[in-house]
Structures are given as structure tokens and as C-alpha cells.
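Next comes just one chain, in C-alpha cells: the form predicted alone.
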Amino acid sequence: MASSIEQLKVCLVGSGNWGSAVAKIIGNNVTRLEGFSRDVTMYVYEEIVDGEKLSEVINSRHENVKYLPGIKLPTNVRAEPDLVSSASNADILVFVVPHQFVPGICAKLKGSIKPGAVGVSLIKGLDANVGGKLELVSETIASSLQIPMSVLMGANIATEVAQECHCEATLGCKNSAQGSMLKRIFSTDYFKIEVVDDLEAVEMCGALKNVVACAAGFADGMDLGSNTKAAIIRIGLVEMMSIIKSLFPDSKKKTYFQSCGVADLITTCFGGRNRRISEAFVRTGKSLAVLEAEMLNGQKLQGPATAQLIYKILEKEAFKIEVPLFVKVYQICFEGISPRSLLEIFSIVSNL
């Protein structure tokens, strides 16, 4: 990391609704914090919106009119459509893009990162390495760019954070000094940060809860009611804990009761995009791909892809754990079985 006498420069790699909400927080914070450059760059994948380039609209109006309309961004946040230019001078890289785009972004940034830079991932997804084993997004970035990584996960619906509704997040960081520094740029009166060293469990919670949200959405689509949905959330949390403990035996039980765990799970199962698309999947009969294109304004689903990856990894590694909810979500999304088969998990769970 840069020495304390230098002005640490922050770059956001991503500018969707969550990236823009975080840009508002960081942009405001660095203007009052010592040791940080006031200038914050935000990498924007260039798009044409109503005949204008999105980056130019953001820089002239200080608003991401496509992904976070109605929210003013600080004037010191500058949109930059060139990925390498936006990130090359940064001391702190905040990654907040769909996880599917991470390998391509890392390939473009490789060799262009400032020595001593650190990264923090706000990306809720998982991947597999060349050997087919699970790889955390933070691990993908760290190994590709050779920078230390932390993760920030929590019950954080972007529009609510941008509107300054009170919320919390969990920062998973192995280095206490780095954790303290990152906490400073994210913390506000309405956005409270708790730092823990259980990085892997924090990141896994952020990814796995999207699978449970799909199950909650299927239940909503079938009008199964609040009791059934609550049972699905409970079973989902138990399965999340089982999967994480199997893959990361040193994970800590208390992490699941941080914002990254049960709080994020509840929020996503009631208000997230994975829940909304899964409900529409049941009600309309349209494919997930069609609904993603119709309903998400360029954003991406994470739940189905995560369910597929977990299913394949657990199957390949032959872990001795039972996760009927995760299996059912995978089968509904990719094998064409009826969403109503989700109800079978209750008899399976009662027999475990």
C-alpha cells in the first residue's frame, strides 16, 4: 500500500446501480478524510443513452441516469470509459461488476496496476478454476492482478443505500490495518461497517444467498405464503452454512449472523433481483434469459449460475452433505422440472 504521506486514490471498477451507490459514499467520504485524494474515478462500460454517451452524461449531470436515476453523485466522482486509464493510478480498487465479467477485466488490467495497490470486491458470485474447483471472485482477482483482496458484503439494496436508508455491511479482511483503512472510505452515519477476518465465509454468504432467493421467488410465484417462504429461508441458511463449512472448515459460525449472512439473506429473499426474476419465471413461463433481458435493465442474475456451479462442485467432490434446496433450484433452472417440486424439500429435510 502507498505510504501514509501519499494521497490514496480510489477507483471503482464498475458503475451499475450498486457501483454508483458506493461511488456516492466514497466520493463524499474522501472529501473529508485525511490521506485520500479527492478525485475518484469510476470505470464505466460505455453505452449510448438517449443519443449520449453514458460517461459524458454522468460527468455533466453527476447522475447515472441508466442504473441509478434520481440520485446525485458527488462532483469529484469522474466517469472513465477506459478501464486501464481509470485504474492504473489507483491505490484502492473497488470491484463492483457482474462476476461473469471479472476474468475479462482482470486480463485487461494485468500489468497495469500500481505497485502496492489493494483491492476490495463487492461482487456476489462464484467461479470455477481451470481444474473445475470453486474459486472465489476475490481469489480470481488476487491471483490475476497480484494484489491483496478484501470483500464487502451485506444487506444492501442499492437504491436504499443511495437514498441513505440505514443499513449495514460486513468487511471481510485478513489484514487489520487494511481493514481499518477500507472501513474509513465506506462508513457513513447511515452505512455501518463491521470488519471480520473470516473473508471466505463473508464472500460465500454473499454468493449463496442468491440461490435461496431464487427458491423464495419460486414460492412467491406459486403464492405459497409467508410461512412457507420463512421455512425456505431457514432451510436455505442451514444449507448455506453446511456448504461453507464443507468448503472452508475454518469458517466461523458467528459470521453467518453478520449483515453478510442472515441479514443479506432476508433482504434478498424479499427484495432482490433473483427473487423477482424467479417469481416472474413461475408466473409467466418465460425463460430466465428472456426475463433477465426484459426486467433487469442490463444487470445480471447470479442465483441460477451459482446454483449450477455449487451443484457441479458438490457432485464432483462428493461432499457428504445434504442440500436439497440448492439441488432443487439447480434442477428447476437447468433441468426443466416443475417449480412445484420445490415443496419436496420439506419431506427430505424432515427425514435428515
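Numbering starts at 1 and runs along the sequence shown. All values reported here derive from a predicted model rather than from experimental measurement.
We do not show the form predicted in complex with a further copy of the same chain, though everything after this point is about it.
Taking S15, A21 and G116 together, does each of them reach a further copy of the same chain in the predicted complex with some heavy atom inside 4.5 Å? Zero of three within 4.5 Å in the predicted complex.
Selected contact from S143, Q100, S226, N175, since only one has a non-hydrogen atom within 4.5 angstroms of a further copy of the same chain in the predicted complex: Partner contact (heavy atom, 4.5 Å) among the options: S226.
Of these, K133, K108, H166, K72, which has a heavy atom no more than 4.5 Å from a further copy of the same chain in the predicted complex? Contact with a further copy of the same chain in the predicted complex is made by H166 alone.
Is S86 close to a further copy of the same chain in the predicted complex, meaning a heavy atom pair under 4.5 Å apart or at it? No, S86 stays farther than 4.5 Å from a further copy of the same chain in the predicted complex.
Does a further copy of the same chain come within 4.5 Å of any heavy atom of S251 in the predicted complex? Output for S251 is no: heavy atoms all beyond 4.5 Å of a further copy of the same chain.
Might I345 be said to contact a further copy of the same chain in the predicted complex, defining contact as any heavy atom within 4.5 Å? Although a further copy of the same chain is absent here, I345 would touch it in the predicted complex, with heavy atoms inside 4.5 Å.
Just to confirm, Y256 within 4.5 Å of a further copy of the same chain in the predicted complex by heavy atoms? Taking the distances in the predicted complex, the answer for Y256 is yes, it comes within 4.5 Å of a further copy of the same chain.
Segment assignment from 196-204, 155-163, 275-283, 87-95: heavy atom within 4.5 Å of a further copy of the same chain in the predicted complex: Contact criterion met by 155-163 only.
Given a 4.5 Å distance limit between heavy atoms, list every residue of 210-239 close to a further copy of the same chain in the predicted complex, or none if there are none. L224, G225, S226, N227, T228, A230, A231, I233, R234, I235, L237, V238 sit within 4.5 Å of the partner.
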